[in-house]
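Below you'll find only one chain, the form predicted alone, shown as C-alpha cells.
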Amino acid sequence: MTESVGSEEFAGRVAVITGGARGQGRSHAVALARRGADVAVCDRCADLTTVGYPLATPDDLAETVRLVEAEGRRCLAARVDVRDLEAVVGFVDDAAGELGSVDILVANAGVSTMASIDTMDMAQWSETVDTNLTGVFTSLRAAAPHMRRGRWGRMVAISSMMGRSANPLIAAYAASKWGVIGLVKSVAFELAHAGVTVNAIAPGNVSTDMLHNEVLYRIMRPDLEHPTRDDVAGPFASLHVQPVPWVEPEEITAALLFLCSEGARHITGSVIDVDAGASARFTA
C-alpha cells in the first residue's frame, strides 16, 4: 500500500469528500487531485456546542480549494451539514452536474464528544452519532444512484480504531464508529453487482485538531493543569502497539488511495486498520 502511483491514475474521475476543510479530508482531497481527479469538498464550517475543540472554518475550506486547484484540478466547495440528507444529496448532485460524474466518495466528516455515561445529555449523544454515522449514511445515499448508473464507484468511510474497540468517556463516538462498519458492510452487499466497492478505514490516533486540543489533553493527563503535546505523547502511544503517539493524515490517505485504485477492485465490505498496531489487540 503506497502513494507511489501514477500521477494520472484517477484522471477523468470525480471525488466527493465530506469534512474536507482540513485534516484528513484535506489530505485526501489534495492527494486525489494530484493523481488526476477533480474534487468536490464540503464541510460544516461551524462549531458544535457539544464538541470541545474548534471545528473547521470557511477559511479552512477555501484553503483546501486553493490546494486542490494548485494541483491543476477543478474543485467545487460548499458548506454542508452532513446530518441533512437533502443538503448532502443536493451537494452531490451539484458535483455530478458541474464536474461530470461522482466516482469516488470519501465519507470523512466526524466529531468527537467526551462525556461520562452518568452525565451525557441528548445533545452530546445525538450530535456525535448524527454526524459520524448518519452523516456517512447521507453521503452513501447521495452518491449511490450516481455510481450505480455509472457502473463504477469507490466508497470509503472513515471509521476508527474505536469502531473496533472502546475506551471510557467516548460512548457516543465509539457507538457511531462501530455503526459505520456495519453500514459499510451492508451497503457493500447492495452495490456489489454495480461495480461499486464500499469499504472503511479505521485509523488510530491521527494528528489533527480532533486529537490536539486542550480538552482531550486534560483527559489524557488529568494530573497536569495545562498538559502539552509532549506531556500527552506517552498516554497516546499506549493506545497503539507500535511506539508512536499518533499517525499523520497522509498515512490514512495512502490507504484511501489503495482502496480507490484498480488494484482494490475486488476488496469490498472490508476494514483497513491504520492504527500503529492497535488492531493486534482486537479479536479476529
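Because the structure is a prediction, the values reported are computed rather than measured. Note that residue numbering follows the sequence shown and begins at 1.
Unshown form predicted together with a small molecule; subsequent notes refer to it.
Only one of the listed residues (209, 71, 190, 94) places a non-hydrogen atom within 4.5 angstroms of the small molecule in the model of the complex, and that residue is 209. Proximity to the small molecule in the model of the complex, defined as a heavy atom within 4.5 Å, singles out one entry of 174, 114, 111, 183, which is 111. Only one segment in the set 142-150, 103-111, 192-200, 164-172 has any non-hydrogen atom within 4.5 angstroms of the small molecule in the model of the complex, and it is 103-111. Looking at residue 44, you'd find a heavy atom of it within 4.5 angstroms of the small molecule in the model of the complex. Although the partner is absent from this view, residue 254 stays clear of the small molecule in the model of the complex, with no non-hydrogen atom inside 4.5 angstroms. The small molecule in the model of the complex comes within 4.5 Å of no heavy atom belonging to residue 16. Within this chain, residue 21 lines the site of the small molecule in the model of the complex, having a heavy atom no more than 4.5 Å away.
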